[in-house]
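The form predicted alone is given below as one chain in structure tokens.
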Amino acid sequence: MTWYDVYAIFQGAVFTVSISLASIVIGLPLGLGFALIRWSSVPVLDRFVVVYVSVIRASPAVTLALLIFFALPVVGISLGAVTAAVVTLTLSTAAFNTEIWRGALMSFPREQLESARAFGMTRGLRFRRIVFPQLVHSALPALVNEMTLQVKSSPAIAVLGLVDITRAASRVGARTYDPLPPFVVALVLYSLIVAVFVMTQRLIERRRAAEMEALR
């Protein structure tokens, strides 16, 4: 395996990170919005979210990608491969994030909301100043775990002809007739990507702990 082959796999890693981050950036607030609908028991929308979460969580990412890319044109909606991949991963992570956020909301002490309401804080202000910071703190480990799973499920988009880390490594292995080195490189790159997520989580937790200590 040459340095050109390593570079080819690295390009696959850049694409994997890009498409994973795009879906995470969209899926996090989308999941939070769905969780708030569930928490507030909004009529009709609440049932829609329940069905959406149930269906998407039960659907393999490969099946979902094929459905979005090949079935939607039947009803007049055509998406490019990259767009279909982002939509697939976004729908998937948003469904799982919904349950993570909802779990954090369900464990939130409502007495704090009642106290804030007594002080005349508006609903938006209560959410920004009281609810959201504590939600992030309690949901962060599960959210980061979901982000790492999102990266590891990204090879599913290879069915759309896109070249991620695994697909790039597979191509190099097929060309060199030696699959072991490229897949070792792919494994190292996946480990580094996941390590960045984990280190970011720890930095956020340390910063949060320092802020809480300063308030005491």
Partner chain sequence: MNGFTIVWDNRDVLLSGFANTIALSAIAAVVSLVLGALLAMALMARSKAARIGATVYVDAMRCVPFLLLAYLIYYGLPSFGIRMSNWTSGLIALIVYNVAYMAELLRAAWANLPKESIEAGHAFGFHGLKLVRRIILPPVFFAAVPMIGNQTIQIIKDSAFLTIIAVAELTQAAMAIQTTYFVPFASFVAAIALYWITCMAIETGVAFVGRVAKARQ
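None of these values were measured; they are calculated from a predicted model. Residue numbers count along the first chain shown, from 1.
Although it is not shown, the form predicted together with the partner chain is what the next lines describe.
Candidate site Leu64, Thr166 and Leu180: all three near the partner chain in the model of the complex by heavy atom within 4.5 Å | Every listed residue reaches the partner chain in the model of the complex, so yes.
Residue contact check: Lys152 to the partner chain in the model of the complex, 4.5 Å heavy atom | Yes, Lys152 is a contact residue.
Proximity of Ser40 to the partner chain in the model of the complex, heavy atoms at 4.5 Å = The answer is no: Ser40 has no heavy atom within 4.5 Å of the partner chain.
Spell out, yes or no, whether the shortest heavy atom distance between Val17 and the partner chain in the model of the complex is within 4.5 Å.
-> Val17: no, not in contact with the partner chain in the model of the complex.
Is the gap between Val44 and the partner chain in the model of the complex 4.5 Å or less for some heavy atom pair?
-> Flag for Val44 set to no.
From first to last in sequence, which residues of 39-60 have any non-hydrogen atom within 4.5 angstroms of the partner chain in the model of the complex?
-> Going through 39-60 in order - heavy atoms within 4.5 Å of the partner chain in the model of the complex - the hits are Ser54, Val55, Ile56, Arg57, Ala58, Ser59, Pro60.
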